[in-house]
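What follows is one chain in structure tokens, specifically the form predicted alone.
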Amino acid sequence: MMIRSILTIALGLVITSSALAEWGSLKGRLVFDGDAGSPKELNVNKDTEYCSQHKPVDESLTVGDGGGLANAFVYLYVKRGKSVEVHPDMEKVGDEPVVLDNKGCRFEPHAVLLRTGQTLEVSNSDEIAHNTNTGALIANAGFNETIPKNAPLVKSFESRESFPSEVVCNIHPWMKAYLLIRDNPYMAVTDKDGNFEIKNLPAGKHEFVFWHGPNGVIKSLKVGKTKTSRKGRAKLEIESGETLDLGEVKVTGKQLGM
């Protein structure tokens, strides 16, 4: 009876703590401040007959109509050895796999988000073989395997990575993508118009990382009333029941290492 009572009280404390937790959101739009020019066609020097018809372009800087900067990562910084409280609606890792496709002699999508324990499915929609190499991972064991057509490769990872890691195809060296693995859902990639949103963050003061490949962290970026540090982090306050809208955040070529 006493054990049952203790368990009941403990459960009640957990439920009460979760119910009393407060949450807010973060959003904004990253805009390239400059002339990005037209996407450059890449030197297709392998499987030229097949790949050249898809006309792959350099995706290291992808700017949409209106200047929106695509494929930039924004995510919550959590100190090593620490964790963050996760909103009850987001605690469970999704059952659906995250798909990284080899399509048109490029990776689709170019920037990938994955939670620890979530399945990554690497597929090949092309008529030729590709390989996918994640050897740049640091906290997790990488892989480097051939991906035949209609034979997806399924992987999962148990450790979070501090930064996005480059994914390459050694058969077709122009093919690159970036993979961010985190142990919480508080991360986003800017869409084709530069927009991002991270929902249901725990209320309070946090640091967020702003990152864009291939140069990495975006330093001295004016974000709201502050700037990112040399490690690409900005300190922001998330208020309960509110969305912190950063509006347009201008990013220069110099900040992207151009």
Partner chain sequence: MNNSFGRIPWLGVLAVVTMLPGCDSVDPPAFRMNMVEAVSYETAPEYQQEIADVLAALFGTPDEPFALPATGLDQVMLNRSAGPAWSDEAGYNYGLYRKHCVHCHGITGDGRGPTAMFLNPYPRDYRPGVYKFKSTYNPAKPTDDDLHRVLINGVPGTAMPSFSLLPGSEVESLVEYVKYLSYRGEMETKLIQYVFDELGVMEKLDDEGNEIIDANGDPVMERIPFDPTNDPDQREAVMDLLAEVVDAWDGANEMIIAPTEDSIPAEKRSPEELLASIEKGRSLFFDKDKGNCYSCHGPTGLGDGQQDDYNNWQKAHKKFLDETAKLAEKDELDDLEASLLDDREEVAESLYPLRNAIPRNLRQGVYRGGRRKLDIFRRIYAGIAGTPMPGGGPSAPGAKAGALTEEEMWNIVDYVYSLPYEPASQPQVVTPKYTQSITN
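As the structure is a prediction and not an experimental result, all values here were calculated from the model. Positions refer to the first chain, counted from 1.
Same protein, other form: the form predicted together with the partner chain, not shown, and the subject of what follows.
The putative spot formed by E127, V168 and K235 is fully lined by the partner chain in the predicted complex; each residue has a non-hydrogen atom within 4.5 angstroms of it. Proximity to the partner chain in the predicted complex, taken as heavy atoms within 4.5 Å, picks out 76-84 from the listed stretches 76-84, 106-114, 184-192, 92-100.
The partner chain in the predicted complex is approached by K46, whose closest heavy atom lies within 4.5 angstroms of it. Taking the partner from the other structure, the partner chain in the predicted complex has no heavy atom within 4.5 Å of any heavy atom of K27. In the predicted complex, none of the heavy atoms of P88 sits within 4.5 Å of a heavy atom of the partner chain. With a 4.5 Å cutoff on heavy atoms, K222 does not count as touching the partner chain in the predicted complex; it lies far away.
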